[in-house]
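Have a look below at one chain only, the form predicted on its own, in structure tokens format.
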């Protein structure tokens, strides 16, 4: 098990390999479909983003409301493919270094990751209540009008993820499927 602390620099990102189990501590941002769409529209209109993405990790999550005494409610990953239309621009032009979600990514996202030295982490779907235990503080920092899809700054401690796609383009989803096909083929 590897431990990393944010912000995530390029050398650390490039050292991670698909399949590595990682514990993230520090600050990560959140953002889902609506926040990504708004960020990209802002950039295309010549505006500035409300948050600096350089060397940051975005977790594709919309945290559920917190129960009394809790920081956030359940905080499980959403399907990353919904951000594929926006991620390459944020990686190439704003220096986004990492993403956390679930599911595969498009070839365009993988190319942008290889060029810029970004990494894609997988969080376990269906384990949102367990993942929320690793979130120590949650603050809305942009797009509050989007409710749970606002951009939050999360302070996390030993947040468990797996490297799904590394900076060399090694894809755990593709290699896993290939291995399964070899094992079940006659």
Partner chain sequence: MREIKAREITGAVAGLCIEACSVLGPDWWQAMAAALAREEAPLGRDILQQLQENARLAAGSGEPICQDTGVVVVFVEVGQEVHVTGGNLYEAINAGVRQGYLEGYLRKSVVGDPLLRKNTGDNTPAIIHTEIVDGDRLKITVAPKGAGSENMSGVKMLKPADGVAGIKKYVLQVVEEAGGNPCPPIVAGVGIGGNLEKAPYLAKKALLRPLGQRHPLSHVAALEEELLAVINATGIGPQGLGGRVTALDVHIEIYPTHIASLPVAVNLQCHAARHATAIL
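Quantities reported herein were computed from a predicted structural model and do not represent experimental measurements. Positions refer to the first chain, counted from 1.
One more form of this protein should be noted, the form predicted in complex with the partner chain, which is absent from this view; the next part is about it.
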Legend entry - Stretch in contact in the model of the complex with the partner chain, which is absent here, among 136 to 144, 22 to 30, 64 to 72, 43 to 51 (heavy atoms within 4.5 Å): 64 to 72
Inset, instruction - Could you spot which one of 35, 58, 122, 156 gets a heavy atom to within 4.5 Å of the partner chain in the model of the complex? - result: 122
Inset, instruction - Answer yes if any heavy atom of residue 176 is within 4.5 Å of a heavy atom of the partner chain in the model of the complex; otherwise answer no. - result: yes
Legend entry - Residue contact check: residue 106 to the partner chain in the model of the complex, 4.5 Å heavy atom: no
Legend entry - Residue contact check: residue 111 to the partner chain in the model of the complex, 4.5 Å heavy atom: no
Legend entry - Contact flag, residue 88 vs the partner chain in the model of the complex, heavy atom cut 4.5 Å: no
Inset, instruction - Scan 141 to 172 and write down, in order along the chain, each residue with a heavy atom lying within 4.5 Å of the partner chain in the model of the complex. - result: 148, 162, 172
